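Take a look at this single chain in structure tokens; it is the form predicted on its own.
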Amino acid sequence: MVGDKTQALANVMDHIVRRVVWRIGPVEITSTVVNTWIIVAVLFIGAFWIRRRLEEKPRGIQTLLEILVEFLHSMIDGVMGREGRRYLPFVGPLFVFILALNLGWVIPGVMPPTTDLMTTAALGLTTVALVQLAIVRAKGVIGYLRHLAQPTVVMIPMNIIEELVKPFSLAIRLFGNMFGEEMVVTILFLLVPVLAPTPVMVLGILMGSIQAYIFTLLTITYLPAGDQ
């Protein structure tokens, strides 16, 4: 019994690290990619199902969605004021997508894609690239260059480095927290499979939600607050 658990603990990384599922020519399809496809499919099906049941008087899942929108509004308002709500079409799906990735473990056999650095790196790079486009759109090309020269021209190299570091900061923070949390959860399940599930599931939901919140909040702080 003890030997079995010891062997299982030694193989914990096998449960978490991505693996190649199949190959299409030179292209490797990893478990992370497959898990992401599954979660995206669930999101699309869920969105289609909810869309067909929207009513003028909210109830059930529609009520939860309206609570989510109000929550996102409060996040944006706290950083940018009400004018920042124009970014809701960007911020909202970002939060929901990352939350879904973080909670992917609720689908049997699926490992959260955010435990893979490749996923969080892609999220960080894409998010910061869209933020840069938003700044250019809000300020114009000249305004964007002036933005890089704040507070003085001497700071241009440092400001450029800061912008380059942002995606790595987002990626490492999300990956580190989700990978560590998933490792702890996996170990607890292996050690105490009878007692662990309920508190561990609650912990997983809490941690996944917090990490989605932090990633989204940091993204909001990067967005331009005004058109000037």
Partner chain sequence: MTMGFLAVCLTVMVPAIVSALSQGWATVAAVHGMSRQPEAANEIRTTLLVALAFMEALTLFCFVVAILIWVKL
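Residue numbers count along the first chain shown, from 1. Not measured: the values here are computed from a predicted model.
Just so it is clear, the following notes concern the form predicted in complex with the partner chain, a form of the same protein that is not shown.
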Could you tell me if all three of Ile172, Gly180 and Leu217 have a heavy atom no more than 4.5 Å from the partner chain in the predicted complex? yes
Counting only non-hydrogen atoms, the one stretch of 25-33, 162-170, 57-65, 43-51 within 4.5 angstroms of the partner chain in the predicted complex is 162-170
Is it the case that Gly176, even though its partner is missing from this view, gets within 4.5 Å of the partner chain in the predicted complex, heavy atoms only? yes
